[in-house]
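Take a look at this single chain, the form predicted alone, given in structure tokens.
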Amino acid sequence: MTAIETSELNKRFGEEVHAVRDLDLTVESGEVFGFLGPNGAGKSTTINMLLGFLKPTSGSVEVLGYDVTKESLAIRQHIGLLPEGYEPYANLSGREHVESAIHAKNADDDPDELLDRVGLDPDDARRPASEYSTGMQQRMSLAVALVGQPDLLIFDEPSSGLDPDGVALLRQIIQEETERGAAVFFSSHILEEVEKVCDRVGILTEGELVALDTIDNLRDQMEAGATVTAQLDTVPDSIGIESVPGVRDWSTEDDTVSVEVTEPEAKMKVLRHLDDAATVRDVGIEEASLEALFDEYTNGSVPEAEPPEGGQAEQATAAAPGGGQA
């Protein structure tokens, strides 16, 4: 089943701001999709349209086969939302937030099992949420998002406030959810985490989708390649590494040579060339990071901030304790 499908989706705020421009996007069940972009790129606007909190100016958007503009309430019964910056009800415990979400979805989940799954201690689960740290709030919100075994999980900055153990647990939960067939729509500024969990990524800039593919394919398209680092016994005066096909740039520092290549085949060619020129003591290969690709696609620029529509989503998600289950 297709989890998300948009066609020529547009959102304008007045005549001046075109927040989302002709967005064509498909996310399949069982897929982890990374949704990236600088601040103000239109990510929040897009998410709010997926949830039915904002009406598109033009174009279409379907979630789990439902028309968002007509069936948003039905959609929310089948999705789990972990919103950025959600503020829980201060007087309710973590367990009560989860119980409320179970009731809202008419689900039969065990709240204690969900809270245990996200690593929230039973004693903490019974404390008022006003006493929670940011990481504890995030774990509680994750438990709420998992209620009812949703077909689609929308995570906006899901690792915010989590310690390394919490981030590792989040990755494990994402894997488990996709293995049972759920789709995960993952928006985050922590590109290292996106790179670890996402099957594909889309990069939004000034409302336009400027890249959409696997990270490996994006590397190939940008000829980002990799960096081969070799420690030599002695660096010859003339290495001649620039003659190797696929080499973009190279440098030396003390006994180490670093070579940037634009194609996979060039890595072994570089190593053979260096081995012929000197004795290679140690070797390292680092693929171009998602952060480097992101910088390439966005040209290092940050568009002007989009209108503060995020408050509409927060208001709507607050309609039910735990966020997004109204």
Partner chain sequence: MSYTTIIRDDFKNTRRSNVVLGVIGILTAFVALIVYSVEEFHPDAFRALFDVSFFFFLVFPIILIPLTYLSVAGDRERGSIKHALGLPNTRAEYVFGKFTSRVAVAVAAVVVSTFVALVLGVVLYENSVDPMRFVKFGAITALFVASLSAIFVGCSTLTASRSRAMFGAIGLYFLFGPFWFGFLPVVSLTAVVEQIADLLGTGVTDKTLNYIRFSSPTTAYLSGLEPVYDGVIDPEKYPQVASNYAGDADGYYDENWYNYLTMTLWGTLVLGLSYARFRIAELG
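Bear in mind the structure is a predicted one, so any value in this text is a computation, not a measurement. Numbering follows the first chain given and starts at 1.
Below: the form predicted in complex with the partner chain, not depicted.
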{"item": "Candidate stretches 210 to 218, 191 to 199, 88 to 96, 250 to 258 - the one whose heavy atoms come within 4.5 Å of the partner chain in the predicted complex", "value": "88 to 96"}
{"item": "The partner chain contact in the predicted complex: Ala104, any heavy atom under 4.5 Å", "value": "yes"}
{"item": "Partner proximity in the predicted complex: Leu54 to the partner chain, non-hydrogen atom cutoff 4.5 Å", "value": "yes"}
{"item": "Partner proximity in the predicted complex: Gln77 to the partner chain, non-hydrogen atom cutoff 4.5 Å", "value": "yes"}
{"item": "Heavy atom of Thr205 within 4.5 Å of the partner chain in the predicted complex", "value": "no"}
{"item": "Contacting member of Gly166, Pro83, Pro111, Gly148, with respect to the partner chain in the predicted complex [4.5 Å, heavy atom]", "value": "Pro83"}
{"item": "In the predicted complex, residues of 119 to 148 near the partner chain [heavy atom within 4.5 Å]", "value": "Val144"}
